[in-house]
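For reference, the chain that follows is the form predicted on its own, supplied as structure tokens.
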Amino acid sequence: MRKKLVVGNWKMNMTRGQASAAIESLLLLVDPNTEVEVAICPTYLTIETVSHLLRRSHFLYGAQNVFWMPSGAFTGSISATMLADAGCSFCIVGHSETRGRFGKLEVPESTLGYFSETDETINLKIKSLLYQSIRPILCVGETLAEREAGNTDSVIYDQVKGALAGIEPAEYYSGVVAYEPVWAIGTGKTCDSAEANRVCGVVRKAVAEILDADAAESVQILYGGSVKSGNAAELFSQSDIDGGLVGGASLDAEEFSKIVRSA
């Protein structure tokens, strides 16, 4: 039986002081529950602050991205070795925002080339994380144009296939995949729960075909994209949705605690 997993992705938010206040509130609001895994993925600069506050709690923590080389002349990058040294349990990879696929564009369109993640780099990142026993949270999702063209399933399959290429099935038994429709991220729009569950089923079938049936059964598949306390219970009750990757709502301790309780 797969445990529910709720992950807060703080994105580029929270100073160390704000992070401390948020975690202290969460620890008061969320009761320990061994049946639900809860994790926070803060910025690199607040990982130490978060880890210190969570050291005696049931919460886990992780990072929002990683570079695939263990060390070297890669200015501004952080390796999986460094994340392991910081005690990270998870790391998000392939988020639509690092792929340059925005539901709500908040940067000049001319700068989109800066966000140049590909299936190849995601694959390399996953392999580096697995080598350090850090659980990857692979993000997949379609744009509105791809959905309207009827290409949702093929886009999802291709993203899963590219990300998991050359990985042994047993290596990904503790891995995570998050289905985040690009058009629902930061827009306030949420995929209908039945459709979200259907696409998460597509993800599970893809993992079974690319890896094996055991991997597909053990992998936790999350839904992400404007998850709120008002829709979390319905989403989490679906057969193929094992929890949520929560963005904006994870910045509010009370709101995030309600989402966790829904799991």
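Start at 1 and count along the sequence shown; that's the residue number. Being a predicted model, the structure only gives us computed values, none of them experimental.
Another form, the form predicted in complex with ligand 13P, is not on view; read the next lines as being about it.
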Could you spot which one of C191, V93, I134, I185 gets a heavy atom to within 4.5 Å of ligand 13P in the predicted complex?
I185
Give a yes or no on whether each residue among V6, A39 and K258 has a heavy atom within 4.5 Å of ligand 13P in the predicted complex.
no
Is S218 one of the residues lying within 4.5 Å of ligand 13P in the predicted complex, judged by heavy atom distances?
no
Does at least one non-hydrogen atom of N197 fall within 4.5 angstroms of ligand 13P in the predicted complex?
no
I'd like to know whether S226 contacts ligand 13P in the predicted complex, with contact meaning heavy atoms within 4.5 angstroms.
yes
I'd like to check something about I241: if you look in the predicted complex, is any of its heavy atoms closer than or equal to 4.5 Å to a heavy atom of ligand 13P?
no
Name the stretch, out of 177-185, 150-158, 120-128, 82-90, where some heavy atom lies within 4.5 Å of ligand 13P in the predicted complex.
177-185
Stretch 229-252 - residues with a heavy atom within 4.5 Å of ligand 13P in the predicted complex
L245, V246, G247, G248
